[in-house]
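The chain below stands alone, shown as structure tokens; this is the form predicted alone.
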């Protein structure tokens, strides 16, 4: 039995297990039919032309963990932003860990999706927001069908969350191969501010396939600062589907740091529904060996007088492969749009590959839009200049890499996270550098 058939047949048992009377019962049933009809995406589809899922979907994954697992904080402390106090929503093999988590219901809700789906007091929010911007593509529909657990974050209007929120999904390796499908719903009210850090982390070399969906709603003048840390083990693969809907004068930024894992696909989609929205999409990719990272972005400008800024940097070593497929769509009514997109890549080794496809679709006539893409190797003149100052070649290359990535790092607003990212980059490129950018 292939993975698609196994998932479809497992859904019947999953549906019976839930004894579902929640408001999303019908949504689940419709979603599994969409996945059954479409199956996993293939390279025949334009959006997946450079990314094949065959190497990961041909494994026999456990759909549900056979037993609950526990983890000691000391064993996973390094994966948390432990330098500062944070709210924490932690899952182990897809199951909530109250021991590692710190949630809250005092004037805001930072808790579990399962609670929001079951308790009547959350029903009004679920009915308004849940599955309203997630698309009906095959992988998102698969997640919708099996959505059971994840983070539920509701920040009411005029509330500034005083400390960051961490969402962490651990895979213990107790299963030979495990598939997880976390689902997050984040609603940030009018004039509210929040910072969120998301991480998926395998703790063994056993195969893990994570198909994640996050829906984010930014109401008027909301500020959302979102960070994705992707530095997983070599047998872990991630499909990350994130959808963001912005209302008038909201500001949303998403920084994606892709350093590890086997295959990573980031589907990041912004929809600007109100005037004077500001969207920021930035990312740094540093991979090696046969790792594969695919960034697929969309910013859809629907209302006038809005801005978007995309800046993705990639460093590819050995036989690694990168993909950047970025699209900006400016609708007819979205006059006075200012949209910028930039993708710069360095191929460290001759066998590394990057496939880049920046796109603009403009239907308005009074806009300022630009996009650019560069693919190259180290600037030999700059490398030579640095080496003449007595710096070894490896450290000289590291300095150039840091300078290359600086436009992304400089906009990280959590100082402790910025330090952590700097350390991850230094470790990834194999040097020790005694400064922060």
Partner chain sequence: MGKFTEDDLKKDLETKEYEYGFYTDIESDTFPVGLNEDVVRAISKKKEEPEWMTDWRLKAFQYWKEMVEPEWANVNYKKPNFQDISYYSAPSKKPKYDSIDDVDPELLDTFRRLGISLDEQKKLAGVAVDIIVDSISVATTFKNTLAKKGIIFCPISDAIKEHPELVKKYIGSVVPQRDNFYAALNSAVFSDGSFCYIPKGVRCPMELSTYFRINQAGTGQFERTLVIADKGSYVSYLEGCTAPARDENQLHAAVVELIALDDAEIKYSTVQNWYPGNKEGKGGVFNFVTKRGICHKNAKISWTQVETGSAITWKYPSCILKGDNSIGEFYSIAVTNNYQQADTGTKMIHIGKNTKSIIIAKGISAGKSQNSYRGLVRIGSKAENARNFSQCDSLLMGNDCGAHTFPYIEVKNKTAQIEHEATTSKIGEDQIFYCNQRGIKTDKAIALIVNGFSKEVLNKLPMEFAVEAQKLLEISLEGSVG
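Residue numbers count along the first chain shown, from 1. Keep in mind that this is a model prediction, so the values were computed, not measured.
In what follows, reference is made to the form predicted together with the partner chain, a form of this protein that is not presented.
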### Task
Decide whether residue 194 counts as a contact residue for the partner chain in the predicted complex under a heavy atom distance cut-off of 4.5 Å.
no
### Task
Report whether the minimum heavy atom distance between residue 317 and the partner chain in the predicted complex is within 4.5 Å.
no
### Message
Is residue 332 part of the interface with the partner chain in the predicted complex - any heavy atom within 4.5 Å?
### Response
yes
### Query
Is there a heavy atom of residue 55 lying 4.5 Å or less from a heavy atom of the partner chain in the predicted complex?
no
### Query
Thinking of the partner chain in the predicted complex, which stretch from 381 to 389, 44 to 52, 28 to 36, 406 to 414 has heavy atoms inside 4.5 Å of it?
44 to 52
### Task
Identify which of 347, 177, 302, 298 has a heavy atom within 4.5 Å of the partner chain in the predicted complex; exactly one of them does.
347
### Message
I need to confirm a contact call. Of 205, 75, 160, 366, which residue comes within 4.5 Å of the partner chain in the predicted complex, counting heavy atoms only?
### Response
366
### Query
Is any part of 286 to 312 within 4.5 angstroms of the partner chain in the predicted complex by a non-hydrogen atom, and which residues would that be?
none
